[in-house]
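Take a look at this single chain, the form predicted alone, given in structure tokens.
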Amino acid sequence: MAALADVWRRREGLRALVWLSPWIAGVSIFFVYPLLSTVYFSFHRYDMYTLEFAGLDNYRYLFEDPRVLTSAKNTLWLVLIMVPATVLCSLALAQLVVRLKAGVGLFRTIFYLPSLVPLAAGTITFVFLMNPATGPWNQFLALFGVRGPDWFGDPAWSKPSLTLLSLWSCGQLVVIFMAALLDVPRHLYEAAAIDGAGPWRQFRSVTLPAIAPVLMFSLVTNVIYALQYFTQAMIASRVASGETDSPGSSFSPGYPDESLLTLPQWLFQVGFRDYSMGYACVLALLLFATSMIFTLILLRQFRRAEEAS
């Protein structure tokens, strides 16, 4: 009987392995192998043609490269300012639409449409709309006696301008929050109202605990998205500076004054413009480690909040 039990366990183990094999193959090919390759190349000088062992030189240069600190500060700004602003704005819009008595479908469509616009087209349009000389946005502000800034040309306003772009295209997150809010049982609000809870108390004691998993999902995905922020910042820099991506161009990412230089942009510049792939792998590992740290912090805070409630 014991032998039969062992055979049965082995068969069950093999069957489970067969069912897991697509996932194992996918993770091995698209995650484990690239990660190990990145670690391997980070210890080498690699320009796509020659490979030379460099030891820890690439890691030492990470602490000497001034643009790493600049790009890290800009990326951290996006994580700490743009992400909370986008999540809070999306949650507020979702709460507003859910409470409407009529026109819910219309407003849901209006808020969602900007998220369908391609990133490149949306960014270019935003830069031209906020052009200080010819853009209609500053002309609209002038009607009220407000002198609009040079949105994408002033280092003090360039990142807030990208935040406005993020708020404009937050429709997908609005729809997610709407689904979560509609899923909150109505009888909980009725019970809270009977106990004398006002709107703010109901939001804190009923809504937030009920949508906490969706809120955590939104925070984690948006933090990872901000750490990988590339397209909008690169295109906004190019369009605002007037430079073209042509042979002999002296454009360097981050215009104006490297205020829009993010870690992914600097990684791209180092790896695919300067062909310093070994150092680019170090930057990629830095991004990976930062993403893991932020994700673990958010998950730990979420677990503590659940235990406290």
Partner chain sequence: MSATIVDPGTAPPRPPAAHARRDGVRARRRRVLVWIATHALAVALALMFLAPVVFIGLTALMTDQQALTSDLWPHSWNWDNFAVVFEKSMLLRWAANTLLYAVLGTVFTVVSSVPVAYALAKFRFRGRRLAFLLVITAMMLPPQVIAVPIYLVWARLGLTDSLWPLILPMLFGDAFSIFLLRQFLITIPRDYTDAAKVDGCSDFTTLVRVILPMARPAIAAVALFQFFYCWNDYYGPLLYAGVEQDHLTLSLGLATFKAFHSVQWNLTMAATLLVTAPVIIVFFFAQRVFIEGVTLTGVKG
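Residue numbers count along the first chain shown, from 1. Please read all numbers here as calculations on a predicted model, not as lab measurements. Rigid core here is just the name for the largest C-alpha set that superposes within 1.5 Å across the two forms.
Only in words, not in the display: the form predicted together with its partner chain, which the text now covers.
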Partner proximity in the model of the complex: residue 120 to its partner chain, non-hydrogen atom cutoff 4.5 Å: yes
4.5 angstroms heavy atom contact with its partner chain in the model of the complex for residue 179: yes
Just to confirm, residue 35 within 4.5 Å of its partner chain in the model of the complex by heavy atoms? yes
Spell out, yes or no, whether the shortest heavy atom distance between residue 264 and its partner chain in the model of the complex is within 4.5 Å. yes
Residue (of 129, 80, 142, 156) lying close to its partner chain in the model of the complex, criterion heavy atoms within 4.5 Å: 129
Contact assignment for its partner chain in the model of the complex, among 76, 210, 219, 175, heavy atom within 4.5 Å: 175
Among 200 to 208, 88 to 96, 67 to 75, 147 to 155, the region lying within 4.5 Å of its partner chain in the model of the complex by heavy atom distance: 88 to 96
Taking its partner chain in the model of the complex, which residues of 83 to 103 have any heavy atom within 4.5 Å of it? 93, 96, 100, 101, 102
Would you say residue 275 moves its Cα by 2 Å or more between the shown form and the other one, aligning on the core? no
Cα of residue 27 displaced 2 Å or more between the shown form and the other one, core superposed? yes
Please say whether the CA atoms of residue 173 and residue 301 come closer or move farther apart in the model of the complex, knowing the change relative to this form is 3 Å or more. closer
